[in-house]
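Taken one at a time, structure 1 and structure 2 that follow are two forms of one protein chain, written as structure tokens.
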Structure 1
């Protein structure tokens, strides 16, 4: 029964909700883009007036600076200096994350302890430390480390532990020549272990009974590690393989790499749109798409096209950069195997004073926390631990009391209940805010600048004070920190998703 043909009146555009909705959005987008473009071009003009070219060529200029510590304390180029600073940032961030997590968990559990003293000490710690700015704490630690005794040991003297104005030194374990061979052999040996594990699991499912899957796997793994420790020189052959791959990578022409990247981008967008349309398909045909859906598809296409534009026109060097660094990577990996390398995977050494009152940083003579590093590390760790303690406490308290009671009813002790029932559940609640704290440590490591720790912002600042390349330098900072953020949130999301699947 066809309805009488309706007489649709088109409303004037200033009253049409669709036109208004999209008009406002597009105008805003245009305004933002225009303002951005204008500001950047203004900055470029201003910089040109001062005779400062905008670009990244200066990364290859000689640096002429000395860093306090790091993988390269006298870097050749500015790029190398920045890289060294980035490694320092990551070093303090990773160590801070590990230490503050441990301390935070201990404090968080102590706050819920039935022991009054433990509870009080933990809550006083949390309430004190988290209410004092981290920067003040870092500076205070700097002052405390500086007031340690002078380093009086003679050159060549070895000790287990030094704490002095020059820093805090501990024995150190480091990878030696055979490390990569060791890991490779371990991976090879892990394959049969995996099969044994699968076999045992099946057996347990089919026949029942205790097959000791976990302990057998662990025992075999230890055995494999012992074998690999001594037998790793047999893994010398990857050297040739990796160097062959290195040569093969270097042979790829730039245009082929550009083509590959284009295909990846276009295929990715096409795959995404297809998946999207599939999700909207019904037995009766394609469902009506709303303007949001069109926007998403347009966004995918525009994104892919923009990437292609970058690859071919804006930055053709990207492809050759990928080729070169890929090739370099395989070469670097190849060098880790065979040759005339030793076979010990790990080695250790006590701190040694090399000359009167000085350590050599970053040589295999013990692990030295320089005063700057120690101040930053202690400040970040103790500060962040107070927040992690609160997160852990909140997570445990969010687990329903019934879980504890059920565990007690099953005859588990308090400790067992905590380990086996409460903590696994609390972990899920704790994960996202914990990830935020890890991010905060990484970002706060930039406060190292206040104690002259050579992290990326401090190095960068020293460099742009020399050559005025502030704009480019800040773009590097931002990309670096954004990559760190994305990595951390990616890992946290991954773990979270894993936990959700386990839950089912």
Structure 2
């Protein structure tokens, strides 16, 4: 009896594993989007039934509120009030990230120190601060600032430091009239310096020897800074250019801006897909793509199409907002140029007090940390620094002990080995968790509402209590914190990629 020939039949599509994997994930995504759309539309319907239309036209309505602090304490519109709250949030986040990073690195190194006292102080700090809720610490700092003595000083009296129930005032360094001209001229002078540095490095690679690349570059940069400091008025000509761009930008039709945004979205998706495919290419050609690769490319296309849908259908006013905001930006930038002869890029003043009626207050000459700002800043900084200290300590301990032994064999001291050998390798390990702490400090800034700090959530809550635009306001909150988080993640990922070891 002849053997039956083997015959392979393709399974029906409802049993195909690829079809099942794709189908389940697409159905899950569709279900999530449909549920989100249903909830949003249901909320919009309920608000419409109550006579509360959902929209963003209220951003141009009068605010009629006064903020505790910020770039504009008496904003004209609700949009301006929200912008002031966003700037306050960014102030706390940026300063908190810088201060907590410095303090965390010092504490992390101190926990590994051979000095018994430094090690114990750092250990007690970390184990105490990180186990107390951050909100409790913020409220505690609010009480501490409120317990300071009253502000008593003669009007006009100058000091280097003030601390009272009205906050803490320090010397302030600020941008003067020639700052932007100084930066522009310094950038122009940095171009030949870059070519000089490139030439010296190439000469060093070809001929060897010590070409003093770093010292020459630093000396030229210092010379360029001195020249730019005194010669900055020659860069006043961009003023007219930026104002011309302002006028041209304001004349862009809304349909043209919508078309530009569409092209940017589609081109951005195509550029990302091309780069993604290029990263999968091998000398033998394009590598085999897996399901995850296809999903990434599909989501890039879906994201671009979703943005196009928002621009043309869901929020057509976005284009008008970009036109108006862009025109204002170019006008603002143009006003920063045109400083007179002798204008300094930077200036500074010591804090003083002023008397208004029966009360003594800080004058705007110094950098003043209001009680609310000080409570939020110190609470977030000290709390986050305790976690950063543990991250840094873990990163240092993860560096192989042989690296320390090799540094000692080369004659490096313990401090030199830490700076030049251990920490550069440790930061390859600590950057990802460090980015998480930066995200936490940014999002935790919304706890400023507990001490009446005028950050974006506190300002937004005040506004939606006036106009009942809760849904629209929370959408602004979500977009703002999403942009902040994605920006921080992008910066941290960029630094992480620069620090990683390149295999050759």
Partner chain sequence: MGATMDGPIHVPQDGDAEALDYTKAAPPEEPVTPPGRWVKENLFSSTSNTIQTVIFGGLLLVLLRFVLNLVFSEENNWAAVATNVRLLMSYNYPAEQYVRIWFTVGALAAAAGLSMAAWQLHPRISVRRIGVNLLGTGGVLIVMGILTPGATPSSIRIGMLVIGAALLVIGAGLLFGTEDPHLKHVSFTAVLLTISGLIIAFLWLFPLGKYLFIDGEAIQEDGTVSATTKGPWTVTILILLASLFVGRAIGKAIGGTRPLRLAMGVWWVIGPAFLIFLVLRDPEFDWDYVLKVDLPLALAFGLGGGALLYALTKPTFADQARAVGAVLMGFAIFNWVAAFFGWYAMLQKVRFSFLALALFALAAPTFAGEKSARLRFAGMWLGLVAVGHWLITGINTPSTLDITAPPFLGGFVLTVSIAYYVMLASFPLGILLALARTSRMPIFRVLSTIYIEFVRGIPLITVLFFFSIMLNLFLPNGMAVSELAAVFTGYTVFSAAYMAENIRGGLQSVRKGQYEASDALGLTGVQRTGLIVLPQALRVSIPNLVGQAIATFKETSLIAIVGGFDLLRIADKTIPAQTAFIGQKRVGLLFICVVYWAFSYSMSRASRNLEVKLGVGQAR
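Model, not experiment: these values are computed from the prediction. Superpose the two forms; the largest set of C-alphas matching within 1.5 Å is the rigid core. Positions refer to the first chain, counted from 1.
Peer 1: Which number, 1 or 2, marks the form predicted on its own?
Peer 2: That would be structure 2.
Peer 1: Answer yes if the Cα of residue 123 shifts by 2 angstroms or more between the two structures on a rigid-core superposition, and no otherwise.
Peer 2: No.
Peer 1: Core aligned, does the CA of residue 319 move at least 2 Å between the two structures?
Peer 2: The answer is yes, as the C-alpha of residue 319 shifts between the two structures by 2 Å or more after core alignment.
Peer 1: Superposing on the rigid core, I want to see if residue 309 changes position between the two structures - specifically a Cα shift of 2 Å or more.
Peer 2: Yes, its C-alpha moves 2 Å or more.
Peer 1: Using the rigid core as the frame, report the C-alpha movement of residue 261 between the two structures, one decimal, in Å.
Peer 2: Core-aligned C-alpha shift comes out at 3.4 Å.
Peer 1: Give me the C-alpha shift of residue 23 between the two structures, core superposed, in Å.
Peer 2: Residue 23 C-alpha displacement between the two structures, core-aligned: 4.9 Å.
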